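We've got the same protein chain twice here, in two forms, each standing alone as structure tokens: structure 1 and structure 2.
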Structure 1
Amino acid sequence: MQRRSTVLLTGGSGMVGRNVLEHPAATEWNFLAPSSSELDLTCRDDVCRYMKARQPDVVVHAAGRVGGIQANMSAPVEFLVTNLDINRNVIMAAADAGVPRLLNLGSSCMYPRNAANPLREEMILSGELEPTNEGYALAKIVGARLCDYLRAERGLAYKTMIPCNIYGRHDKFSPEHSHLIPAVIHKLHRAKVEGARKVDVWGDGTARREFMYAGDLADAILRGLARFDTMPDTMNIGLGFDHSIDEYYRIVAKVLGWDGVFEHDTSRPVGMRQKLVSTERQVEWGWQAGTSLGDGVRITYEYFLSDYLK
């Protein structure tokens, strides 16, 4: 695709969207990034009108009603219906307006709960979903399948990237909303400031998680724009390796300069033992994440100090 093409980025104010917009290669594209107050993606007529009026060359769909386990469990109807509406409206409005390319963002929650690791793209819809965020995952699967159908039926280049968990700048640090890395940063920062020598870790610390720096996901998305036609139709974006919960705590402690001790609370739930996506297709496509965990945590901590705590 030609540089300076017009890209409609949904979710431009979210964590993924902001990392895309602040990536150095973003200057090569002409981004339209309406906020939800400018364009409510749950309103079908507005989305169709916007798409027809602006005629983007490509859509990057990174908007969604996103939340943690508690929010998903307490409002499954909202997570299912809002995300179904958003995904359908964005993808069908693009198709009906004749937008030739669309990059849809999936999530690793689309994989069955009991699928063997590493999770390969063809395992989607091969088993039961994790019940705690089933509604959200169903809406994501519908979005990805709709892209498959539109490729087959209308010859549109509508593709899905399935990123592993991400962390980084513009992350959510409040205890009710944060994922593992921002939660550990917040907790160890407090321990450091308060002079605490002991910090609790839920579980025995051996469960494994794959977290990629958000700037690297932005890099994969921008490479996808530049080489759209070579990109696989459905492709995981991950690291190819994971770390134990204890390793994440140790690396965050090192970056923050906190040298206390961790106490494991094995009465607390830890969720799945492992969730690692296969990077076979991504490696074949020629892309790999470039930011080490230490560097990613350092940048995220700087963001936490300068933007979140300010």
Structure 2
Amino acid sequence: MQRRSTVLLTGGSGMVGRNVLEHPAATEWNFLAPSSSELDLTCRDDVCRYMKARQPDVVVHAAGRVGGIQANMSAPVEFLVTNLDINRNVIMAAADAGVPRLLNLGSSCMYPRNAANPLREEMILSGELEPTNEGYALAKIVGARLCDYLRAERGLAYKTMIPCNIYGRHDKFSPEHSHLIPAVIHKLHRAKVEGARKVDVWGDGTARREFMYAGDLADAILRGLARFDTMPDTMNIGLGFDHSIDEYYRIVAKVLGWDGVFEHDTSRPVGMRQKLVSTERQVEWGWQAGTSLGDGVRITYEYFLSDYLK
């Protein structure tokens, strides 16, 4: 029997990592997914020792300190420094241990705030970043560039996927840490339970976002492992279309069965007016997301009810 390749998955306890491990195709690989208590990714020596001892065939780097606008604005130092440390430690430890392949996960916040949509991979570092998550974005850019340098200097196959915004099972729903869709699910569920007839929406509701179900990103990652050589060195992963903030609120309200009204608070920050990634390279590679927004929200809400609230 042929040996299954060993994959070190960082962030295995997070939303993306757990969706990867739940995917049916995950059984084709031997995954190592140490928790933060087993491996502190902010400690360079610990990461180097682990990497050299385990000698994985490939690393999927999905770990990071993540959060929504509120969290990023309240702790920019932590978002910058923690993610810089994690990215440097994981990528350099893999390179120094001779790991030949690494799939690094970036973020669409790496793109300039005023770049024309859809956001193409070559636009990175072509303009000013969005201030509300600049620290996180800078750390992600450094990680992606480090992969580029190691590929050029040492001939290592270190590549970066840049997903659009993600939501789904194992998401964070608390208001101080969550992104748009889980925050809306939490807010509208509470309104439904409490009988509230009005809910506030940050901004005027016209800003546009692209949200993909986390299970679809997991599918793209596992396809990347299986077809690593054909995958572009840097590639967006997304839907190719977006929705307004108001549309997300309406879709979540429909799934939850809440029929109240929305009030806009224009004093609140909303971030970039639009953040839609180009899927040209992804389509050429032959992959497309398969989960509709309605289905994804329904599955996420079921998880919220059965796992998050229990």
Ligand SMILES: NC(=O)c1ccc[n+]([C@@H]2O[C@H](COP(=O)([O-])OP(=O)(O)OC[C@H]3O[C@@H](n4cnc5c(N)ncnc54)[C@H](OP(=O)(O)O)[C@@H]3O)[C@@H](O)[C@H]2O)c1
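Every value quoted in this text rests on a predicted model; they were computed, and no experiment measured them. Residue positions are counted from 1 along structure 1's sequence. We call the rigid core whatever largest set of C-alpha positions still superposes within 1.5 Å between the two forms.
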Which of these two, 1 or 2, is the form predicted together with the ligand? 1
Please state whether residue 78 has a C-alpha shift of 2 Å or more between the two structures, with the rigid core used for the fit. yes
For residue 54, decide whether the Cα shift between the two structures is 2 Å or greater, given a superposition on the rigid core. no
After the core is matched up, is the C-alpha of residue 243 off by 2 Å or more between the two structures? no
Once the rigid core is matched, what's the CA displacement of residue 270 between the two structures in angstrom? 2.4
